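Next up is one chain by itself, shown in C-alpha cells, the form predicted on its own.
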C-alpha cells in the first residue's frame, strides 16, 4: 500500500479494497522500519492519525469522501497544529503546542486526510540541506550519506521513502522544489497568495508559500486543489477559487512554446545535471514542443537580492521570539538580559546570522543602499519575466544546479549552499507558480526539471507538467530502500 499514489489509494478506499485504518497502519509500519536511519520526523502523531483514519472510514462508508479522505500526509514542522508540537526545528520553540490549526491543516482535516506527523526542516526554514535543524539530520533515501535538500528536507525525504504519498512544505526561495529535485519527487509552489499562509510560522512574508510534495503530478494537483483558495484570515490571500484539477489531463505538448533562459544553463549548473535536462528537452521537442532561447539578465542578481530581502523580513518576523510569551526562557538580570540570553541560546547559528544581516540591511543609513535597491532589482526581474511570458507560455530550467550532495560537504562553504537556490529564487521574487519533477538521473541520483509560469497560471502549469511527465516515462524511479 505504501507504493500506491494518493489517487490510487483513493480508488481502493472508495471500492472498499482497503480500509483507511489499514492504509495508516501500513505507512506507520514502514516509518518504524526505516525512519531511524533517515530522520524525517520530529513528531509522529500515531494516536491522532489512527483516530483520524477511523473517522475517515465513517465518511467513506457514508459515501461522503473527498479525493484525500483516508490518504496519509506529512507536514513540515513550521505549520501550526492544534494539540501537536510545532517547533520549526528550533530550540526556541521547544515544547510549544499551538492552540490553533494553520488554514491548510484545517482544510486537510476537513477533507478527511490522515496526518501522520511533523517533519524535520532547517531551523525556521533557513537553509538548503536540512542540516541546520536543532534536533537531527535528515538523510536522502537515494543515498543516506547525502542531503535531501532543504529547507523542507523532512517532507521531501518522507514522500520519496514512501512514508506517505503526500506532504506539505513551504517555499521561500526554493524550499519545496529544491528538495523535491534532490529526492526525485514532485514539488509544487503555487502562485503567491493562492494558498493561505495563516498558521505558517513566517520567515519571509512576501516570499513564503505553502505547497505540495507528491510522487507524481496528479497527486500534487489533488493536494493543491484541497489546500488553496481565499482565506480571510490571511491578508495576502487572493480572492481566487481553489486550484482546479478538472482539465489536468486534457493538455497537449504539440505547439507548446517554452522559453530557455541562457542564465539558467550557465557554468553554475553541474555538467551532469545539464546533460540530463538537455536530454529531456530533446525528448519534449520530439513531442512537438517549440523551444525559444531567451535572456533574463536579472537572474544573475537573484541570489544577492534574495539574501537581502529574505533576511530583512526574517529580522522583523523573528522579533516575536523572545521567551516572554511562549517557548523556553533563559533567565538573566533584567528584561534585556533575559531576551538577549533567550535569543542567543535559543536560535541556531544560521538563524542568528540571517537576523543580523537583515537588521543591518534595514538600519538607518543602509536601508536605501541595500533593502530599497534589492526591491528595485526585484521589480526589474518581474518586468523581465512578464516580457518573457509574452512570447512563451512556460520557462524551463534545471531545478537544482547539482544532484544531492554529501552531508557536511558544503558546511564550510555557506555561499555554495546559498547558490543551490540559483534557479528557484526568481519564482519566489516574482510570486510565480513553479513545479519541479524528476527528469532523469546523474551519478545514479535524481535530477529535477523546473517549469515556471506567469502568476495565476497554476492550472495551466500543472496541465503542462502532467503532459511532460507522461512524455518522460523513464525518468522516475524508487530509492533503494527495501
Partner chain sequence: MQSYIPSIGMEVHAELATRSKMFCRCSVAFGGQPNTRTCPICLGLPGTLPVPNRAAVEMVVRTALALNCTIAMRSIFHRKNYFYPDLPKGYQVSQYGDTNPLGYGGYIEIPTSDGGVKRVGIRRVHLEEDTGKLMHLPTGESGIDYNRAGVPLMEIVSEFPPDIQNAEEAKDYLVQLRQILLYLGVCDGKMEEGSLRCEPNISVRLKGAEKLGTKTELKNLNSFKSVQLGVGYETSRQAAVLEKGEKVLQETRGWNEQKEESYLMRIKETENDYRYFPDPDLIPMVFDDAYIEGLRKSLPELPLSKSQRYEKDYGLDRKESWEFLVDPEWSRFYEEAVKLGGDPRLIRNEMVSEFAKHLNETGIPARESRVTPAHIVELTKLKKEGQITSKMGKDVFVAMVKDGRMPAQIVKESGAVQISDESQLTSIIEEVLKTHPDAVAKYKGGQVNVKGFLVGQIMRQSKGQANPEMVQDLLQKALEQA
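Residue numbers count along the first chain shown, from 1. A quick note: this is a predicted structure, and the numbers were derived from the prediction, not measured.
The same protein also has a form predicted together with the partner chain, omitted here; what follows describes it.
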Checked 142, 307, 371, 265 for heavy atoms within 4.5 Å of the partner chain in the predicted bound form; positive is 371
Assert contact residue (the partner chain, in the predicted bound form, non-hydrogen atom within 4.5 Å, options 233, 137, 253, 382) equals 233
Each of 200, 364 and 367 near the partner chain in the predicted bound form, meaning some heavy atom within 4.5 Å? yes
If we take heavy atoms and a 4.5 Å cut-off, which stretch out of 391 to 399, 242 to 250, 114 to 122, 205 to 213 is in contact with the partner chain in the predicted bound form? 205 to 213
Residue 349, heavy atom within 4.5 angstroms of the partner chain in the predicted bound form: no
In the predicted bound form, does residue 83 have a heavy atom within 4.5 Å of the partner chain? no
Give a yes/no on whether residue 326 approaches the partner chain to within 4.5 Å in the predicted bound form, heavy atoms considered. yes
Residue contact check: residue 343 to the partner chain in the predicted bound form, 4.5 Å heavy atom: yes
Quick one: name the residues from 308 to 324 with any non-hydrogen atom within 4.5 angstroms of the partner chain in the predicted bound form. 312, 313, 316, 317, 319, 320, 321, 324
